[in-house]
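In structure tokens, the next block holds one chain alone, the form predicted on its own.
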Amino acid sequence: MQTSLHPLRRLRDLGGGSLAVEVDGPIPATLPGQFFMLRTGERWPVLLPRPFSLYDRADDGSWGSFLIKAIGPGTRALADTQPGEKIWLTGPLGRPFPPEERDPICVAGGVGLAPFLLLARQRHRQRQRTRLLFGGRSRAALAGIDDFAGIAEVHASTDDGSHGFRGMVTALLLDLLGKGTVRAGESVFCCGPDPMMVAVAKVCEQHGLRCFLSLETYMACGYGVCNGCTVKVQGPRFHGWPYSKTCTEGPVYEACELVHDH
């Protein structure tokens, strides 16, 4: 982990209100699912930085990018940054998706797409395939999908049928299971809104798929000091402790490790 200032290279409009915030390097080697804490060098309107998965990275680390959607004051400040202005980065942080999984199915919703471009690029360089299932309300909500052209097998779904499969991404996953494109015994990597991830985890449990979720838990420090990002957990990895810090023991958890209150 390191903290350093990086000049903004450009803001790349991905559509649907989403941007790729590209900064000059050096960006350290980062595994898919790891994240950085970001804040602007000047005029940062809130007390704490904000966590973002690394979206893309040059092979030599000379630049990197983060997928954001301007919603609150922090993300709006990042979206208003001008080329040449500087952004603080702290990272890489957190536990990535398990690299030993040989042929994962990536399931994304909205800005939950963020961890998967890095994964697809790394796997493409190793001549390994990546299957991406990406869902949104409409074609405009599939921000970033064009970045996967030529490096991943992309299956899109939209609620309104404006692009790809008509229906939610969980229905697309069930459809691909029915067709044999996805099979029992394989592993799913998932990131997106909490209700979507819960639904994907349920489909995986019912159909014999191992499921890993990248949580979008609110974080304050990003490296385990403040205890502000705890989630309920179970399983041997936590040695009987009922809570886990998402920033250090996550953000990636196997679905069966998470305890949901009903």
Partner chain sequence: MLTTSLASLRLRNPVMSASGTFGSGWEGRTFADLSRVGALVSKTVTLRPRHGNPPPRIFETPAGMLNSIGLENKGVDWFLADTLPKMKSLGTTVIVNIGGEAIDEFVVLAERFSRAGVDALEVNLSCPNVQEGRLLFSTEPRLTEQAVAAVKRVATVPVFAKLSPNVTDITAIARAAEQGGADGITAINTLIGMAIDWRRRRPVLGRGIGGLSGPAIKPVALRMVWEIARVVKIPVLGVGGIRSAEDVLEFLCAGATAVQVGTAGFADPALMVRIVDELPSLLAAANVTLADVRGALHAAPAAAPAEGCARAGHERVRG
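Positions refer to the first chain, counted from 1. These figures come from a predicted structure and were not determined experimentally.
Not pictured, yet referred to below: the form predicted in complex with the partner chain.
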Exercise for the section: State the residue from Val198, Cys226, Ala58, Ala70 whose non-hydrogen atoms include one within 4.5 Å of the partner chain in the predicted bound form. Expected result: Cys226
Practice task
With heavy atoms only and a cut-off of 4.5 Å, decide whether Ala29 touches the partner chain in the predicted bound form.
Solution key: no
Practice task
Answer for Met219 alone: is it within 4.5 Å of the partner chain in the predicted bound form, judged on heavy atom distances?
Solution key: yes
Exercise for the section: Classify Arg210 as contacting or not contacting the partner chain in the predicted bound form by the rule of any non-hydrogen atom within 4.5 angstroms, answering yes or no. Expected result: no
Exercise for the section: Would you please decide whether Thr90 lies within 4.5 angstroms of the partner chain in the predicted bound form, comparing each non-hydrogen atom pair? Expected result: yes
Practice task
Could you tell me which stretch in 202-210, 59-67, 42-50, 189-197 has residues with non-hydrogen atoms within 4.5 Å of the partner chain in the predicted bound form?
Solution key: 42-50
Practice task
Pull the contact list for 1-27: residues with a heavy atom within 4.5 Å of the partner chain in the predicted bound form, in sequence order.
Solution key: Met1, Gln2, Thr3
